[in-house]
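Same chain, two forms, each on its own as structure tokens: structure 1, then structure 2.
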Structure 1
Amino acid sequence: MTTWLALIGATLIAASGLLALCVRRGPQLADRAAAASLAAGAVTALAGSVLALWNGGDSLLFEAGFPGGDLRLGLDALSALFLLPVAVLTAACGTYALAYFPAAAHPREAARLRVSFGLSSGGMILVLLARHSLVFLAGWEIMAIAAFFAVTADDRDAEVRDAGFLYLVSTRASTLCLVALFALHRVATGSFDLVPIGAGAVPPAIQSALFVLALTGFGLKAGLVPLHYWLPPAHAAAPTHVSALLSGVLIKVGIYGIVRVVSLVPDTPPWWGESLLVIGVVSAVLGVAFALAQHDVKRLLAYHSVENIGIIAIGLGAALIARAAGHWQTAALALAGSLLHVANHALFKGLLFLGAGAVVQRTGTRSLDALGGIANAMPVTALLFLVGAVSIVGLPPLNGFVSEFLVYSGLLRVAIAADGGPWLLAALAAPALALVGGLALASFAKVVGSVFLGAPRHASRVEGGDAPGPMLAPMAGLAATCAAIGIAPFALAPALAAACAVALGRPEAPLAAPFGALSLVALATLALCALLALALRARLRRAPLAAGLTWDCGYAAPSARMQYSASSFAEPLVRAFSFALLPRTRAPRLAAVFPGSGAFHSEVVDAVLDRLLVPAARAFADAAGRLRALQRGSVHAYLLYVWLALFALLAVTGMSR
């Protein structure tokens, strides 16, 4: 029943774009048909997900004589927990697109984008349902290829084409790793079925090879450092509701793959968890540091996805360390924090991307230094974006605080459980996570301050008021869900416990998380904020208001260009992390007391893509270009090459004897 509901939901979602193609009564009706199909599919899949979390789920077997054996689909608690954000965000982004990307305004791109958006979301659900390697790869390919067409919707832009090419290369590399993973699994177990491996059935070396392939293939999709290089360009180039889907749920399918593969192995060695913990810390710290240095609001949000994937990996690594040591309660606590952060990040990152898209649509720029004073013209968007910002930095009373607190708790319990290497790693990861939280707070103080506060700069003049209803309604829904989870996290406790039991393979491991205390913290924070607001309002009413110039450094005619910019705000922190960020700056030389006009430019390029992969690709292209001299077009030259190759082969053969 639950698997059927999820499968029907996936079909409705995947067919949404094709259904819209059949509508001939105008582009607006086609938009609505696609959105309605997306919403119906999402509700159906959501119903299946909730029932699976409540009853434990079920599976389907299709005995159709497929190559590789019968095909099995299933929806257990782990799949259902990942399915929840997929369904919610698909419906939210589909509704948002009605006003953000209408077919009437984008007649060339809209149909292709609707089809690819639906297929990508449907492919994600098929991956979550797959219990057979070939079905998993089929769903993975549908998701990945459709997402490529969604990212490159506006393929007239060179930046979009470059980002699409990079995404395509990355997703091909990811698929190759997964093909190797499932082939090795088939050789080791004799089956394509994704079922738990029996204890001692597979040698430890084969299990470790499976883990390395899974970490590489799924890590590429998840955006773990150093495999994150495709993520910021793709998120920045895609239409905003596609960026929200990519960042919110598509990269989480990579996390799902890692968790699913780990759940198949009964006895995982400690180094699996240690590796994930180290990679998670590096991803979180570098992700937030690179985010701080960005001038583009969408690239900044993309780097924060790298940061949050790192936090998820930290929780997963701590859980695996505890699992290897037999500390099941600690493993369940850390894993619950990691899985809850998967859902939370989907909600607040979706909200932030949709809010940024509303601002970009109204102002026509993504540059933080060109924006300012948007809150006056778009107050609802500003308020909803603020909710997302508070959530992502992990402050109460919103949902980010809950999941990060669980990850902290899991790390600390791992650290105090015993002495030794893994426990020391956990002890060092806790302050690193605190550093990430502080930097994230600074980053979003910069975003909110530079985009919504201050005086409007010329490029950020907003005309037409706030975003339209179809864009604001999904954002409001996501914000309300963030608040609901933050205030009442205990409502998700049974779902998290069920998912952890599946992932750990130990139904008897209870989830001992302080959800009641977290709920009290949220309510106390709300009450404190309300009291402060009332006190401030009363004081403002009593105090006489006087109008006058603020302190202006002796210059009584300041302009919007003179106010603190996003780059100015982040400059001290960028300088502190310059050893890793390696910022590039161009500044005029000041040779007089009153110098003339000049321009200052600073940028921080990606350490992996721009400093490693692009130079390596250019060097390879140069070397390959030199080999073109061998292509002479002469039969005599080619006969000479054949003769030389045969001579070399005979020489090597003779020497080997």
Structure 2
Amino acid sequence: MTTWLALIGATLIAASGLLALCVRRGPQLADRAAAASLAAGAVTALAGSVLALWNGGDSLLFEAGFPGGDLRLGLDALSALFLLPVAVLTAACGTYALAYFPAAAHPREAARLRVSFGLSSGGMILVLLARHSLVFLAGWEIMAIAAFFAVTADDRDAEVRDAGFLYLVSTRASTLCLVALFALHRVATGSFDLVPIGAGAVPPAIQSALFVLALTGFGLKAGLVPLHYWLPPAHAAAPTHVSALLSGVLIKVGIYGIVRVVSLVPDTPPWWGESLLVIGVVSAVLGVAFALAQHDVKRLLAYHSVENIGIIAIGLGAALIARAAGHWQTAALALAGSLLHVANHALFKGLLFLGAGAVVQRTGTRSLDALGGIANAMPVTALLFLVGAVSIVGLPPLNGFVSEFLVYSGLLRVAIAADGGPWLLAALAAPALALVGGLALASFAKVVGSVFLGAPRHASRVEGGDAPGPMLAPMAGLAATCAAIGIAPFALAPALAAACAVALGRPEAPLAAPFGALSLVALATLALCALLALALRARLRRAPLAAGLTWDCGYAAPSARMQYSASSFAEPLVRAFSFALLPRTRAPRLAAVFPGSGAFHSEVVDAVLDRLLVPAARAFADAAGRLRALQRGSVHAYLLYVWLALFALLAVTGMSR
């Protein structure tokens, strides 16, 4: 029943764009048909997922007459937990697109974007439902290729084409790893069905190869450093509701893959967890450091996805370390944090991208240094964006705090329980996570401050007031969900425990977390703030309230250009991290007492992509180019090659006799 519901939901979602193609009576109606189909599919899938979390889910078998064997689909608690954010964000982004990307304004791209958006989202659900390698790969390819067409919706822009190409190359590489992964799994289990590998069924070397392939293939999709390089360009280039879907859920399917593979190998060695922990820490720290240095709001949000994927990987790593040592409660705590962060990140990152999209649509720029003071013109968007920002920084009383709290708790318990190497790693991960939290706080203070607060800068002319209803409503829904999870995290506890039990391969893995106390902290914060705000308002009503200029040290003609910009705000931290960020700056030389006019320029490019991959690819292309000398175009030369090859083969076989 639950699997059927999810499958019907996936079909409705995947067919939404095709359905819209059949609507011939005006672009607006086609838009609405697509959005309605997406919403109906999302609700159906959501119902299936809630039912599966409630009573454990079920599976379906389709008998097939080909060598791969019967095709199996299923929805267990782990899949259902990942399905929740996919369904929610699909519906939210679909609704948002009504006003953000209407077919009337984009006649050329709209139909293609609707088809690829629906297929990509439907493909994700198929991946989550797959219990058979070939079905998994089919869903994976539908998701990945459709996402390519969604990212490159605006393909007249060279930047978009480049980003799309980069994405396409990385998703091919990822699929290559997955094919090898499933082939190895077939060797280990003798079946295409995704069934657990028995203890001692395969030699440790094959097990290690399985993990490395999963980490590379799924890590490329998830955006773990150093495999994150495709993510910022693709997120910046895509239409905003596509960025929200990519960042919110598509990269989480990579995390799902890692968790699923881990659940298939019950006896993992501790180094699996340790390497995930290290990769997670590196991703989180570098992701947030790169985010701080960005001037483009969408690239900044994309780098924060790298950071949050890092936090998810830290929780996963701690859980695996604890599982290898047999500390089930600790493993469940860390894993619950990691899985909850998956859902939370989908909610608040979706909210932030949709908010940023509203700002970009109204002002026409993505540059943080050009915006400012928009809160007055777009008060609702500003408030909702602020909610998203507080959530993503992981501050109480919102949902990000709950999941980060669980990850911290898991780390601290690993640190207490284990000795030697793993404990030291976990112990070092906790302060690293604190550093990440501080940097994320600085980064979002920068975004909120430079876009919404302060005095308007040159590009801050907002045309048309606050965002329209179809854009605000999904954002409000996401913000309300963020608040609800922050205030009442205990409501999700049974679902998390069920998903952890599946992922750890241990039905009775208990989840002991102080959800009641977290709820109390959140409620106390909200209630006390409300009370104090009311008291202050009453006091200010009685006091003389004067409006004046901002204090400017007595300077007589302040202007908006004098206020601290986003770049200047982040400068101390960018300098502190310059060893990894390698910022490029161009500054004029100040020669005389009254120097002439000059311009300062600074930018931070992606260290992995621009300093490592591009030069390496270029060097490889150069080396390969030298081989071209062999291509003479003359039949005589080729005959010579054939003769030489034959001679070499004969010589080799002759010698081996």
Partner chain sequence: MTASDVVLAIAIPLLFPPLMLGVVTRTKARLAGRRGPPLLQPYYDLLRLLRKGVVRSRTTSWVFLAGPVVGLVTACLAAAIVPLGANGALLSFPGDLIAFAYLLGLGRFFTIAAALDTGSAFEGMGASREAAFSCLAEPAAFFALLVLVKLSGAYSLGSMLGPDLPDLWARGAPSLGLASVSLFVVLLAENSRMPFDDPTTHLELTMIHEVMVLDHSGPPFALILYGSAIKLFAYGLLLARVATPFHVEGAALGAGVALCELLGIAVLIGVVESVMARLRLLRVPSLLVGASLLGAFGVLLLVG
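By rigid core we mean the largest C-alpha set that fits within 1.5 Å across both forms. Reference numbering: structure 1, starting with residue 1. All figures in this text were calculated on a predicted structure; none of them were measured in a lab.
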{"query": "Number of the structure representing the form predicted on its own", "finding": "1"}
{"query": "Residue marking the hinge between structure 1 and structure 2 [rigid parts; choose from A533, L441, A491, A616]", "finding": "A616"}
{"query": "Rotation (degrees) of the lesser rigid unit against the larger between structure 1 and structure 2", "finding": "10"}
{"query": "C-alpha positional change at G633 between structure 1 and structure 2 - rigid core reference, Å", "finding": "3.8"}
